[in-house]
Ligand SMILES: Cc1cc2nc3c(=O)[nH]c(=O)nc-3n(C[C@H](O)[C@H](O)[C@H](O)COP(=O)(O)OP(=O)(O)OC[C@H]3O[C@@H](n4cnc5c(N)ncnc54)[C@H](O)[C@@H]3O)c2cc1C
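Below sits a lone chain in structure tokens, taken as the form predicted on its own.
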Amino acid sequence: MSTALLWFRNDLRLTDNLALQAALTQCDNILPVYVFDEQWLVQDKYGFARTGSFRLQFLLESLQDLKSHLKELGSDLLIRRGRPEQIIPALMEEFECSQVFCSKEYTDEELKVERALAKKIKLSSFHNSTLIHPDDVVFDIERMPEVFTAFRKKVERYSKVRDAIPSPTSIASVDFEGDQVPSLDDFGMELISNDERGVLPFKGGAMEAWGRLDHYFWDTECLSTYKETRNGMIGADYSSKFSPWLANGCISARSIYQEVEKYEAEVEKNKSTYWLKFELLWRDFFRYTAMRYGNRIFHAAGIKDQPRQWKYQPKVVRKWIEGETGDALVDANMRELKLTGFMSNRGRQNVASYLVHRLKQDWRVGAAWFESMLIDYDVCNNYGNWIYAAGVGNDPRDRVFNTQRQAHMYDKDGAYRNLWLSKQVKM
């Protein structure tokens, strides 16, 4: 009997998991495994924890949910900590696995691990995080449109979103004893207390992801007004808030898209329902950008290869991080991030623009801080958005946000700034 090692990465779900489907189809038994890669459990060159406590807590909750669902279907989860390229071959030998099934990733560190593993074992990887499967686009990745609008129009006209795959009803596994999901304390981090001012008490896992979708679509029908409210900054329902679950793969973009289509058929179809699909395509755009440009999305000059004299002044950056720049909109957003691990999309655009265009600091330190802090950190989205903000990404225009004007437009009564700043903002 053949046994497959199913290596979970950023795909912590059983529904619409192409790697899981292939493993169950091609092998008699599976061994589900998750590895805490030690390269993401260290400090970066700026002294930031690469995976901060907010991110890690959400990940741990997602793993607990995954483990519970695996057990319901007759399996369990092995959890290890170290280097996947060393741990996985050892587990394959111990459990006599014939091959490894996993989701594809698109950036350097993850690809290096895949290449190292492929030299030692049989590795099959699948596109589990994109909305549009790369086999279904009409252009070669090397010739993908550089501007989002052109990308969107081509994809919308010529490509189709594949149907999401249902969860299996049972899983045949080898005989093994699953591991307990570790705690923050096991990683030397303190338990996080929710700040009641936060937009949502985020909790990881597929069950929570689907619960959030049911709330936003079916219970409240907030999807019908998404386009009008998406630039808000206070409260749970100004936007979908799906991003943390998408980043960890607790729910797939295909599943969300399919639910939007169902909503359009059963409730209503309008500009807001389209706009959520539009935002899912933005997510794909940054994935395809990473596929095309590789490590250039991490370079100071970005994908444009236009060198700029970026500064890195630790004291200036620290004031930005702590929300002590003197710009009320920037400071309020940065404090929300530090205390909750989340920030609105409108806030992210403003604080990024302020760091690179007003403070003249290297955009890469901002990207690194977001990587550490954001519960919805996604490498392609994060670096795609930062090079975009810094003027070295896909947008031919060099966007500079006037934070005073933005505050007037999106926080006219000062409610958001007053919520997060210790003193009242004078209007």
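Residue numbers run from 1 along the displayed sequence. As the structure is a computational prediction, the values presented were derived from the model and not from experiment.
There is another form of the same protein, the form predicted together with the named molecule; it is not shown, and what comes next is about it.
Residues in which of 41 to 49, 61 to 69, 25 to 33, 375 to 383 have heavy atoms within 4.5 Å of the named molecule in the predicted complex? Checking each option against the 4.5 Å cut-off leaves 375 to 383.
Could you tell me if residue 343 has a non-hydrogen atom within 4.5 Å of the named molecule in the predicted complex? Looking in the predicted complex, residue contacts with the named molecule include residue 343, since a heavy atom lies within 4.5 Å.
How about residue 154: is it within 4.5 Å of the named molecule in the predicted complex, going by heavy atoms? So residue 154 does not count as contacting the named molecule.
Flag residue 276 as yes or no: does it have a non-hydrogen atom within 4.5 angstroms of any non-hydrogen atom of the named molecule in the predicted complex? Heavy-atom contact with the named molecule at 4.5 Å: present for residue 276.
Using a 4.5 Å heavy atom cut-off, state whether residue 226 contacts the named molecule in the predicted complex. Residue 226 belongs to the contact set for the named molecule.
Site test, 129, 167 and 257 vs the named molecule in the predicted complex, non-hydrogen atom cutoff 4.5 Å: No.
Name the single residue among 97, 213, 246, 161 that comes within 4.5 Å of the named molecule in the predicted complex, judging by heavy atoms. So the residue touching the named molecule in the predicted complex, by this definition, is 246.
Between 176, 139, 310, 282, only one gets a heavy atom within 4.5 angstroms of the named molecule in the predicted complex; which residue is that? So the residue touching the named molecule in the predicted complex, by this definition, is 282.
Where, within 344 to 364, is there a heavy atom within 4.5 Å of the named molecule in the predicted complex? Residue list please. Heavy-atom contacts to the named molecule in the predicted complex: 344, 345, 348, 349, 352.
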